[in-house]
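A single chain, nothing else alongside it, follows as structure tokens in the form predicted alone.
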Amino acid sequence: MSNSAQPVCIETRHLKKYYPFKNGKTLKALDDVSIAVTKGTIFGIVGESGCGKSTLGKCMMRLQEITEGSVIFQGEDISRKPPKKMKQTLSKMQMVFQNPFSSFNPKLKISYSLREPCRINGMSPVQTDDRIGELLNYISLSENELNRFPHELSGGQLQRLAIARALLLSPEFIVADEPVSALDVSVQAQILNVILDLKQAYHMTMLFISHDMTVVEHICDEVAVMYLGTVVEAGTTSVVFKNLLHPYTKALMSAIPSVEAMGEGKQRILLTGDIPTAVDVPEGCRFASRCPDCMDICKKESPVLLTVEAGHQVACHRYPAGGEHKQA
């Protein structure tokens, strides 16, 4: 799914993650997801709660074992790599979680939480102090914060420190799972700017998981929109947001309040119909029961993610590969 000539850092190929139940049913959290994150870019995953975006990030980090498919990191298939052999690989992969207050041990000072990963990975005290000082400068925090406990800092300060901690070992890949959604709106922009600054400074590669379309548009180079465990629209951010195609993506975007559009009669797309679950996945298109543009074929055949223009893919029967928009 990468649209760049730059090398791919990490990718998933036909990734599936199923959770079987004792009653014989199966929850299909991820169902044939293929994405490629280009080195030095931020790849956004966006969708409603329960669409599988966080599960995708955890599977790529090997925090959860996959059911089928593969995860390729720097050209190596790490999908079923034994845990003992994963240590060196995992040192190149880090994660920033949603809630900064649960990311740090409340009984330990910040200094310990930052220095301990460096010690475990063989960095000398001098190297550790230099690295921490360098990152503190980038996130605009002083060394005084290191002597505090997590509860003595704000959510914004802690999330900056969580991002800095993720960068301590100079990882090749970072998963940021809703890193600003637990913060006040006034702080979110600060954290996003920190991420963009660090990307430029360290050529950072990141999977950025969010439910906020505007945040993804602002910060990400590429984007994939997920619905019920599958990717329904993807491509270069500038191309996708210039011409939203999938009815689900359009509905997500229409739900965002816009001061500019208030006086222009912006129309909210209200989705009706039954909301399917990942346990009872419907036949045909998974979005058909809620889609305002549903056709007969949508209820019978599942659409395939196809390229409709350079840097833009969509899984919708109305948009065949390289073809014209079909009318109902």
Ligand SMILES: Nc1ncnc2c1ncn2[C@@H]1O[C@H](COP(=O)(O)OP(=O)(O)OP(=O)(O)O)[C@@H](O)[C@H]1O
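Counting begins at 1, following the sequence as shown. Everything numeric in this text was worked out from a predicted model, so none of it was measured.
In what follows, reference is made to the form predicted together with the ligand, a form of this protein that is not presented.
query: Do Leu27 and the ligand come within 4.5 Å of each other in the predicted complex, heavy atoms counted?
result: Looking in the predicted complex, residue contacts with the ligand include Leu27, since a heavy atom lies within 4.5 Å.
task: Report whether the minimum heavy atom distance between Asp221 and the ligand in the predicted complex is within 4.5 Å.
output: Looking in the predicted complex, residue contacts with the ligand do not include Asp221, since no heavy atom lies within 4.5 Å.
Ser54, heavy atom within 4.5 angstroms of the ligand in the predicted complex: Taking the distances in the predicted complex, the answer for Ser54 is yes, it comes within 4.5 Å of the ligand.
query: Even though the ligand is not shown here, does Pro276 get within 4.5 Å of it in the predicted complex, heavy atoms only?
result: The answer is no: Pro276 has no heavy atom within 4.5 Å of the ligand.
Heavy atom contact within 4.5 Å of the ligand in the predicted complex, the stretch among 297-305, 284-292, 43-51, 66-74: Contact-bearing stretch, as computed: 43-51.
Any residue of 202-225 that, in the predicted complex, places a heavy atom within 4.5 Å of the ligand: Result: empty, none.
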